[in-house]
Every structure is written in structure tokens, then in C-alpha cells.
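This document starts with one chain, in the form predicted on its own, laid out as C-alpha cells.
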Amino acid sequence: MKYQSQAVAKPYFVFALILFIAQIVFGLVLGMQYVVGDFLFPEIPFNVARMVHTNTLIVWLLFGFMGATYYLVPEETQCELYSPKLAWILFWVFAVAAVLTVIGYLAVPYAVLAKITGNEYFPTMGREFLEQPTITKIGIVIVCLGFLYNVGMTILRGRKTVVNMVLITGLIGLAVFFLFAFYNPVSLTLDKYFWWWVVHLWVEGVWELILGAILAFILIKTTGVDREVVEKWLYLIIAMALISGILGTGHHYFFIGAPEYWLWIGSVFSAIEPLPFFMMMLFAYSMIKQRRRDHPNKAAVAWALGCTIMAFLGAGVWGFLHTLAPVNYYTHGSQITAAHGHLAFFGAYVMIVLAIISYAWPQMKGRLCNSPQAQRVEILSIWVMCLSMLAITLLLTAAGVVQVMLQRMPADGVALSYMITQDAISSIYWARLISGVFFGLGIALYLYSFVIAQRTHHLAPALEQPR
């Protein structure tokens, strides 16, 4: 570790992994409730488990992005973080808010939670992914402002690189678009129109800048390729991501009452959206091919390469499968959407956060990388998680196809009801649940690799201390 202030990334990474475990636990609960409807009912109703599952996903990725930023910005700027103390304070504020919010979801009915948090005075609750009480949303804004101030001041007084410029642009965009979570109009069309400004423009817009910056940083450090080469690729990728991502929001406007021209805009730019992910995959493999050094942290390189492949499949291929308007007319809201969401989030964002943790954690412990034994277990965890997620995706895709055929476009013209259709695909849900258990095993292997690394740290190459 070159700069002492990089150590503030540790609690962010640790808490991110804790929330990751919670997300998967509640995901398995949901998987069981799909096939055993009264599992853990009424203690944990389906809607509550789903809120916890999706909210912990979003929050742990935010913790991961913040930890990654606190680690890489000092190296990129070649100076210490502006205020490590502020970073610690914001960590505890954010962590406590996250824990209290989850406890609120689990401890009281959602309507009661809305009442005791004063939602009637400033209504923002009740929308998918934005279920957090208004007071929690205000806390998130405060944390984001403090975080951006800390990072921005560090960049202003240090070296300016393309990596930290792209990163801070993505982080500012993340904060700005979250403000639309406070806009809750009475009109359902307007509500959905601007709701996507948070949900879509995060994951298919500004988050892609964060992904690109972290990936570029890892590849610069592990391949030794000239920074100028990496920066040219990064500029091209983020330009394509922003152009296609912003106008690609239109594929959510097909059937909510928005003007008809969104059918064309959404379809055309959705067809372009896979390109930046394909370019990202080419970028990673090109950098590995041109590498000037063989970095001993094989696990971090495997995470980075795997991220580009899985992101292209999930966000690119599976996204394109159902975003053209004539296709989306039948598939919208089906299990095909769930298949795309699972693989896209895992490939693009989960894997890049795990990649930066894999690279940064040993360095913060004074090692260039973890021991070979630990890395073998970690690479095994990559394969287990990726194959399990691919299985989940294929199974959900199959469930979605059956759902569309039986419920939305039956061959005999007689559509089955929703519940009869769900019963017809219950065997696929059982297989999906088993795949989810294997994914949990992959996470266990990933965490166990850190235990092995601690036991065998004497076998890992030490990090050279700066003079």
C-alpha cells in the first residue's frame, strides 16, 4: 500500500461483503418461496424478502464503489486522501442507516414503517428498488455529498488522470440521478417515466463509467500496458456507453403511456447498448495480450477478464434479447427480464467490485498478492459463481419462454392464468433454487480464500515499500 489513507477502503470492502452475504441469503429465501409459498410466512413475507434482497444488492455495490474509489484515487492522484476521518464518519453513518433500514423492513409492516418515518409529509416510498424510507434517502444524499467532496478535493490537489476523471464523472452522475428518487408524482406515467432516471440511468449509464474506470485501473496495474493506450480505449467505451445508455432508456417507455416515438428510439439505441460491453471485453483481452509484466495476482486478473465476458453476456446479449419493442410487447416483466437482471448485475458490477477487492486487499495487508494456495481457491470460486449464475440465467430464460408461450401468446389462443402458468414452471424454479445454493457455495469459497491467505501469508510476495 503506497498511501496510508488507502486503508479507509477496508471497512467499506468488509461491510460490502457482509451485505453481499445477506443479499444471497434472502435470495435463497425467495427461491424457496417460489416453490414453497408459505416458507417462513408470516415472519418474512415474499415482498419483504424481495425488498431486502434488492436493497442490499444496491447498497453493498455502493459500499464497494466507495471502497474502490478510496483505494484507487490516492494512487491515481499520487497524494493522500483529503480527509480519511470524513471517510470513516461517512462509513459509520451509511452502515448504521443501512442496518436500521433492513431491520425496519423485517421488524414492522411496510405501511407502519412508512407511517413512523413520516412518509405522508414527503412521500417517496413504495416504489420498486426505492422502498427506502425518506429519512434513509436523505441520509444517502448526505453521505454522497460528503463522499464526493472528499474525493473531489483529493483529485483537485493531485494528479489528474483519465481514470479518476471518468470515475468522478460516474460518481457525480450517480448522486445526481438519485435525486429523482424524491420525485413521486401522482400520475403513474410520470412516476414511471422519471423512476427510470434513477434505475436505468444508474445501471445502464453512469455506473458503466465507474465500471470502466475500476477495470482500467486494475488492467494498468496488472499488465503494465502504457496508460495512454488504456485511456484511449476507456474514452471510446464510455462514449458509447453514455450515448446508447441515455437514449436506451426509451426501451422502458414502450408501454407506460409515453409518446410513440420512444418505440423507435428505445429499440434503435437498445440495439447499440451491447457494443460498449463487447468493446470492454475486447479491451480487457487486448490489454492482457499486450501486457509487459506477468502480475502474480492471477485471481484479480481472472475477476477482471470474467467481468467483461459476463457483463457482455448479461447486459449485452440477454439485454438485447428482449428490448426491441415488438419482442418486449410479449416478454416485458416476464422471467426473461429476471434472467437479464441477474446476469447483468453479477457480470458488470458484482464481479468488478470483487475484482478490486481481490487486487487491493492483499496490498493493504502489505503483500503483492495472496499465496498461490489462496488464489487457487479464489479462482475456483470464480468458476463456481459464474457457472451457477449462468445456470440461473438459462433456467430463468426457459421459465420466461414457457411463461410467454402459455400466458401471453398461446398457440391455441387460450391464455392460461398467471398462477396456473407459474405452477407449470415450478420444476424450473426448483432447478433455479439448486443453482442458487451452488452460487452461495461459490461465495463461501471466495471468503475462505481470505482465511487461507491469512494462514499462508508468509508464502506470498511482499509489497515493495515506497522510498
Partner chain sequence: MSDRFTKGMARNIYYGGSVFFFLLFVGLTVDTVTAIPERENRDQLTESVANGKAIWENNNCVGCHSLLGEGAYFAPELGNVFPRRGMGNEEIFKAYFTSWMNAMPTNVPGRRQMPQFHLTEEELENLADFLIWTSRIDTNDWPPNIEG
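Residue numbers count along the first chain shown, from 1. Take the two forms, superpose them, and find the largest set of C-alpha atoms that agree within 1.5 Å; that set is the rigid core. In this text the structure is predicted, and so the values were computed from the model without any measurement.
A second form of this protein, the form predicted in complex with its partner chain, is not displayed here; the remarks below concern that form.
> Looking at its partner chain in the predicted bound form, do all three of F178, I288 and F345 come within 4.5 Å of it through at least one heavy atom?
Replying inline: Verified in the predicted bound form; spot residues all out of contact, no.
> Looking at 212-220, 117-125, 303-311, 352-360, which lies within 4.5 angstroms of its partner chain in the predicted bound form, counting heavy atoms?
Replying inline: Only one stretch passes the 4.5 Å heavy-atom test: 117-125.
>> With the partner left out here, check for me: in the predicted bound form, does some heavy atom of G366 sit within 4.5 Å of its partner chain?
In response: No.
>> Even though the partner isn't displayed, in the predicted bound form is F255 close enough to its partner chain, meaning a heavy atom within 4.5 Å?
In response: Yes - in the predicted bound form, heavy atoms of F255 and its partner chain come within 4.5 Å of each other.
> So in the predicted bound form, does Q373 come within 4.5 Å of its partner chain, heavy atom to heavy atom?
Replying inline: Answer no; every heavy atom of Q373 is more than 4.5 Å from its partner chain in the predicted bound form.
> Does E260 make contact with its partner chain in the predicted bound form, using a 4.5 Å heavy atom cut-off?
Replying inline: Result yes; E260 sits at the interface with its partner chain in the predicted bound form.
> Which pick from A107, L156, V96, A111 sits with a heavy atom within 4.5 Å of its partner chain in the predicted bound form?
Replying inline: That would be A111.
> Even though the chain is shown alone, can you say which residues of 207-233 have a heavy atom within 4.5 Å of its partner chain in the predicted bound form?
Replying inline: Result: L209, E228, E231, K232, W233.
> Core aligned, does the CA of G37 move at least 2 Å between this form and the one not shown?
Replying inline: It does not reach a 2 Å shift.
>> Does V414 move appreciably between this form and the one not shown, meaning a CA displacement of 2 Å or more on the superposed rigid core?
In response: For V414, whose C-alpha is compared between this form and the one not shown after core superposition, the shift is less than 2 Å.
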